[in-house]
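Taking the form predicted on its own, here's one chain by itself in structure tokens.
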Amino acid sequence: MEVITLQTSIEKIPRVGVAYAKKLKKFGIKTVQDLLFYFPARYDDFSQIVTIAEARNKLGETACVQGEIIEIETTKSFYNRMAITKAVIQDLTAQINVMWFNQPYLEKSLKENDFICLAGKVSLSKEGLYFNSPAYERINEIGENEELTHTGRIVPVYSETRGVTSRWLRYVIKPLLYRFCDQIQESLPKEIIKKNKFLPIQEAVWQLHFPDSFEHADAAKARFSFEELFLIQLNVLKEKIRLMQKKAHACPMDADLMKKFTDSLPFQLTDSQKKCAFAILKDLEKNVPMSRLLEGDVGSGKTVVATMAALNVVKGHAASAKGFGEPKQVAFMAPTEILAKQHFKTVSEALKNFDITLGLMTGKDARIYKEGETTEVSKKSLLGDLENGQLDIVIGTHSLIQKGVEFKDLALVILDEQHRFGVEQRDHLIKNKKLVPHLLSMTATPIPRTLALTVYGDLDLSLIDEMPANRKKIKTILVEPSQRKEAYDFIRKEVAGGKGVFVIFPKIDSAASKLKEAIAKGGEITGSFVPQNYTPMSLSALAISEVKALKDEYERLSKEVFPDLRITMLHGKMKPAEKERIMLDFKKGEIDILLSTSVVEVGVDVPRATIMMIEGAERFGLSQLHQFRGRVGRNDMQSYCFLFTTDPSMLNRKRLKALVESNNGFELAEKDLEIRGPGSLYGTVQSGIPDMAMQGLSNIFLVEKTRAAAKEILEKDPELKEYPELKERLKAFQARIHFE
């Protein structure tokens, strides 16, 4: 028989098996230790046990009682045949009814004369007071000092999935804690535990799952919040140390070339752009790889700063007294084909007087710009030019790091909105050559200070904190439902003046339209869009209450509201060529109103657009709303952002008011962190960052403390040779998180 340890696969654990193991893997739980480190999301306080007489005075409140079952039976409701289990519980002071819905198995597990502990809400029906679907567990005797699991204590509540309930998790985890908790190895260095007065790891794990008090739970949380952030800090600082040990091309700054470039621009750089450009150019002079994040609000001019860096890398050698040797290459990556093509056009226009050869490579397209002309070429031809050093700058999507892409001498990688592009991807670009390219990452998503210190701790930060002088502040307006017609009239006036209008929707299809389609096709109506207790009669009510969807509104706006205007849809399910054609038509003024999903969030530049109208604005975060707003106001004309909500009461939401009050993306990012929490801001699921670390990110003092502790440990022992348990914990941590 196999000996079970902390590293045993979860399916081999009694009470789990293959079926439950498959469900637990959705949470990243693969071993016994993973399960013990799957901590509760919150707690229910059922620790105060009262008499039934006292509970009868707590209508609408949660109460916990103990009593004897004197009646229990299960019947089915007349309307929907749902199982209803009814019981009567009594103690020495009184009786009370209990009702459980759709749990017919209870009649088999709970019998008359059983003693039971209940915790739940006291409700009132025409038959009198009753406990509404309470938590329960059998006990030996009323008033005995028993160790309870689901009631009569502070009870852990976990994040759940279909078939995996908090009750089941408590049932499985508690015996494992008794058996294995003492085997969990301490991973934090002793000096850190002592300095911060942390609970030992075994005690902290116990107190997180089944705390003796909320104070004990808080102490355990404090320990693990610190530990998770500490591991993130170790991870990013170790990456920074690793990178600093590599070599890069030293590209001296060519001041004359930079002056010639800035003199060629049709506008003047802001002071902030100049400072950021200088810092980047000085970094490029070093023979260690630059890792810099250029952060700037929407429309602040990050691309022109990046273009300066690219020009200096590929052409600086021509004017430099020392010389660079062979010409160097630059790779410029964007998250979407639309944005890659936009950058190709912008950069080629900016560098038209500098004898630069540019390439564009996306999923299907390949183009080359040379001597003022853009020509379409085969991808094979472009790749050959890239490998032979015929291309100075290549712009593209992730296609630039696919198999078969070879650079002759890549010196700089520029990334737009992909700042977690790591060392491994850089290594892939240079195919194990001796020199690592410099990295310049750009983002218009303002990163709060706490996130910058942790997730982006391996990157140096440059901040463009001022806008071009000719930009007018975008007027942001919360629109009441009664003002919708007035907003439409204003839109019509703007369009008459040659202006363009964006209308953004949270989703492509509505649940109501999907239901209509399903009904029309016949057969069983299923799918995530089907509401509970669905009846065909509820379809119209669903359509009224639901957030507006792109396709439905396209029909309404194009046929009923603006039948005389040119309206087009844009969404992520379209083919890249179709999306590009639509954006080009909109930019040229051949489309008046563009209805879109969040596909236009990042980087799309349409100077003639002056109105951004957002439906279901409460569905988006502050940073995303600010990104949408930044699609207008990209010239010297007055621009507007109209915010519509699903429900008038949502007009009072803090983040919508914050957007009205501020046009500063950095202020809004801090506000978003405050209102929604870092998990929502950054996207916990996408980032893979543990919940406790995400919660800890809102505490700047904790972030700075963990960073200082990680730095101190790595200065003493960069390879963590003196901390084998910590090294193993960090290795496991790196395996389960990702920052891309």
Ligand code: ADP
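We call the rigid core whatever largest set of C-alpha positions still superposes within 1.5 Å between the two forms. None of the values given here were measured: they were computed from a predicted structure. All residue numbers are counted from 1 along the displayed sequence.
We do not show the form predicted in complex with the ligand, though everything after this point is about it.
Contact with the ligand in the predicted complex for residue 268, defined as at least one heavy atom pair within 4.5 Å: yes or no? Residue 268: contacts the ligand in the predicted complex.
Quick one: does residue 389 come within 4.5 Å of the ligand in the predicted complex, counting heavy atoms only? No.
Indicate whether the ligand has at least one heavy atom within 4.5 Å of a heavy atom of residue 379 in the predicted complex. The answer is no: residue 379 has no heavy atom within 4.5 Å of the ligand.
Is it the case that residue 605, even though its partner is missing from this view, gets within 4.5 Å of the ligand in the predicted complex, heavy atoms only? Looking in the predicted complex, residue contacts with the ligand include residue 605, since a heavy atom lies within 4.5 Å.
Taking 273, 303 and 468 together, does each of them reach the ligand in the predicted complex with some heavy atom inside 4.5 Å? Judged in the predicted complex, 273, 303 and 468 all sit within 4.5 Å of the ligand.
Mind telling me which stretch in 500-508, 405-413, 350-358, 293-301 gets its heavy atoms within 4.5 Å of the ligand in the predicted complex? Among the listed stretches, the partner-contacting one is 293-301.
The single option of 367, 634, 150, 240 touching the ligand in the predicted complex, heavy atom within 4.5 Å: Contact check passes for 634.
Threshold 2 Å Cα movement between this form and the one not shown at residue 630, rigid core reference: Yes: residue 630 shifts by at least 2 Å between this form and the one not shown.
Core-superposed C-alpha of residue 342 shifting 2 Å or more between this form and the one not shown: Superposed on the core, residue 342 moves its C-alpha 2 Å or more between this form and the one not shown.
Post core alignment: residue 192 C-alpha displaced by 2 Å or more between this form and the one not shown: False for residue 192: its C-alpha shift is below 2 Å.
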